[in-house]
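Next comes just one chain, in structure tokens: the form predicted alone.
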């Protein structure tokens, strides 16, 4: 998931279920509407989003705001534990993988129901996966299922069925891959792979966009555009009814307004914390600030198809040594990020804490600048650093400009709106964008090094597909490709470390700026909080409870 702003993968059991009397299904629906018992206070958790989610259709979701709702309303075959990042059962309570790592057989758990009361079957899983693959759906995450045999032919319309998708009975789903693909199970944990009821999502009027139906711990309540979204506890959730009765997501764009609302008691959590230099505000809420690592990396990209960076690794290394990342994140903008020594963030298998990276070293930067053919910057024309509009981006770009000036390099900052920015950065498949340097960041969708190395640096994603810098190194590609077919975690991690070393220490493909860190405010009476590297908006609401009067 990309951003340019700094923050801040059994038989016969279903038949009895299908024979349940209609009256019982009706009772399940009525149960969904019950409120809290009279002897206890209603449990309500209120948190803020900057704006309305762009979509509530899992197949179309490609942002954290949409996922904040979708991941609580829906469930897929498997899910990620937000705390340990382990893959765990969801709609499927078990699965097996064939010895050749190509066939995944999922066994659905008993008692899973959609919010409309209907039991979930393997046919619902098959429908949901086919819907994600259909060209007409226009899913930005169709690639998640591309490893399945016959997926591309189905998308292209040359086949009416997905050859590698089978449902032998109502409780079993079999997915056969064209070749081994190690991150496949991790990809199935993403919101886009949610299991959907066909009778709701085949609606030509698309009412599901305003009233989604899933089988997750919360059912959809109301949506008042630009105001709030309300989620209600689902009594029939297979994992047990949540402690919360309601979750209210309030849309508050302005950070100052949101902070004031938090202080006044209108919010129980807030995703943006005060500036650490604001001593008055920190005195009020500082003890309620929670910091934790976030799976993402920020960087300044080099366009390797344009001068002066094309074919000049020494120049790229000089730029890296010139930038004082420690000052940037510990003094200028403290508390939000960690200086990066590479690409793969901490907590992800393959992260190399011992990778040397590029600590600030002005003497080494000057020496490399001379090796690159520009002693003291002589002969090097001004270089444009592109950023999209935003105070944070502007502040970072200005500091990089100042750091590079100390070695004789002139940086010109080009601040433009998002549309102009992304056009200048991505270009087309055949023609490079005009941005020589660009400020960018990447949040991993699942905890696997492939989720950052492949989309951003593999030559198959050249240009608009994600490899904006147009990096191409056959040795790097071969290592990333090999890791896809390796199932041993240690061996995969080592392959990724070797690939990262090539991109970082040999080729210096970026200025490696930061690993993200999240900061969030929580009232002390909110219990069960999981500070997940998946991010604030992947918070599992079913784990929360409100205990007012406790600290």
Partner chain sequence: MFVVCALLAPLLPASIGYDPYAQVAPRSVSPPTPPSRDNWLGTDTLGRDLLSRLVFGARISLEVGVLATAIALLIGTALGAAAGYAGGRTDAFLMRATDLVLAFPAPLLALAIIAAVPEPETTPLLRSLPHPSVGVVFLVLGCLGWASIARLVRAEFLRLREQDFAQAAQAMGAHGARVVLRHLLPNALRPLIVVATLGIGGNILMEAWLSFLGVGARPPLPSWGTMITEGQEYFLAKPWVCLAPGLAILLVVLGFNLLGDAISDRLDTRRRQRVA
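It should be emphasised that the depicted structure is a prediction, and the values quoted were computed from it without experimental measurement. The term rigid core refers to the maximal set of C-alpha atoms that superpose within 1.5 Å between the two forms. Positions refer to the first chain, counted from 1.
Form predicted in complex with the partner chain: not shown, discussed below.
- Stretch 328 to 336 is the answer when you ask which of 85 to 93, 290 to 298, 98 to 106, 328 to 336 has residues with heavy atoms within 4.5 Å of the partner chain in the predicted bound form.
- Residue 281 is the only one of 313, 182, 432, 281 with a heavy atom lying within 4.5 Å of the partner chain in the predicted bound form.
- Between the options 458, 130, 414, 118, the residue in contact with the partner chain in the predicted bound form by a heavy atom within 4.5 angstroms is 414.
- Although the partner is absent here, residue 371 lies well away from the partner chain in the predicted bound form, with no heavy atom inside 4.5 Å.
- Mapping the unseen interface onto this chain, residue 305 falls outside it, with no heavy atom inside 4.5 Å of the partner chain in the predicted bound form.
- By the criterion of a heavy atom within 4.5 Å, residue 81 is excluded from the residues contacting the partner chain in the predicted bound form.
- None of the heavy atoms of residue 376 is located within 4.5 Å of the partner chain in the predicted bound form.
- Residues of 393 to 418 placing a heavy atom within 4.5 Å of the partner chain in the predicted bound form, in sequence order: 394, 395, 398, 399, 401, 402, 403, 412, 413, 414, 415, 416, 417.
- In the core-superposed comparison between this form and the one not shown, residue 403 has its Cα shifted by at least 2 Å.
- Relative to the superposed rigid core, the position of the CA of residue 87 differs between this form and the one not shown by less than 2 Å.
- Taking the rigid core as fixed, one finds a CA shift for residue 111 smaller than 2 Å between this form and the one not shown.
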